[in-house]
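Take a look at this single chain in structure tokens; it is the form predicted alone.
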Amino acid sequence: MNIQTVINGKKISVNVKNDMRLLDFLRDELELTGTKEGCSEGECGACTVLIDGSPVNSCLVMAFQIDGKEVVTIEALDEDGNLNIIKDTFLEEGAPQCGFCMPGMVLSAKGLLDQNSNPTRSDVKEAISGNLCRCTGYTTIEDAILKSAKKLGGKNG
């Protein structure tokens, strides 16, 4: 099936198999390996990407479903070779431990901050509730998101 989509700001037209998941398309066909495969059941959030600005588990989406949509992966969040503010703030706050969940966490944070520039801690907790981290107690991740909001112009944090 031929689809037309925008991935990380680049328009593409490509044939995809009807049974190919978006996760596999991104990793295997486009070599965007920042999107991680965790549970393959939509429970862990490691494979989170943004589709039309909303966080989505790419393991639960078929590749053909992105036809006409815009997809953002973790690879898009670098600016002129520099880390994006959210990624940089996660590092400043010591949020990453093993790092496996971080692409999903960062994209969930971006999805939140693009919609709500002034989130509360409760908003942050809800936004990352679909992302599991086995290394931290989430406090540093929440702090990083609130600090990112502040750096991006929000007032909470």
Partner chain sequence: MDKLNIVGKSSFRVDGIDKISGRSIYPQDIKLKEMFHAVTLRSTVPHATFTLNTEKASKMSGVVKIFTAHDVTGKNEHGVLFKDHQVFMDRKINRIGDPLALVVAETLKEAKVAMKEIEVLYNELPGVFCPLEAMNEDAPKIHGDSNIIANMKLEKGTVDFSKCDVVVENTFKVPMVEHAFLQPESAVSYIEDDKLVVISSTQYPHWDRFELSLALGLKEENIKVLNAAVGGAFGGREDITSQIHVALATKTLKKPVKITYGREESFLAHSKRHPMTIRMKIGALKDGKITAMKNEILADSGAYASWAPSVLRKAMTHSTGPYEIENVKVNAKSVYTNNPFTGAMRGFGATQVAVGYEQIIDQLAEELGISTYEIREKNILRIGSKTGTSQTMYNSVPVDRCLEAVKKEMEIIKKKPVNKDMLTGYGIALSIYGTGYGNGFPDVSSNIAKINSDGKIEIFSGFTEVGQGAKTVMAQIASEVFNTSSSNIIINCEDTDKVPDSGTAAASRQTYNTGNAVKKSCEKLKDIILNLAQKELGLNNNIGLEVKDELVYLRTLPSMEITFKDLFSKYKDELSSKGKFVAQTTQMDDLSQGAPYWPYGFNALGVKVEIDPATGRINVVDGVFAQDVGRAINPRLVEGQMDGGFVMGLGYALYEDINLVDGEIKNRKFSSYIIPTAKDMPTLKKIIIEDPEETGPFGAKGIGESVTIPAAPAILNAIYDASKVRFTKLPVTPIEFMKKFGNKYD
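Keep in mind that what you see is a predicted model, and the values were worked out from it rather than measured. Positions refer to the first chain, counted from 1.
One more form of this protein exists, namely the form predicted together with the partner chain; it is left out here, but the text below deals with it.
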query = Wondering, does residue 11 line up within 4.5 Å of the partner chain in the model of the complex on heavy atoms?
reply = no
query = Does residue 139 reach the partner chain in the model of the complex, with heavy atoms at most 4.5 Å apart?
reply = yes
The partner chain contact at residue 110 in the model of the complex, heavy atom, 4.5 Å = no
key: Contact flag, residue 50 vs the partner chain in the model of the complex, heavy atom cut 4.5 Å   = no
Interface stretch in the model of the complex with the partner chain - options 64-72, 112-120, 51-59, 35-43, non-hydrogen atom within 4.5 Å = 35-43
Within 4.5 Å of the partner chain in the model of the complex: residues from 9-30 (heavy atom criterion) = 19, 27, 28
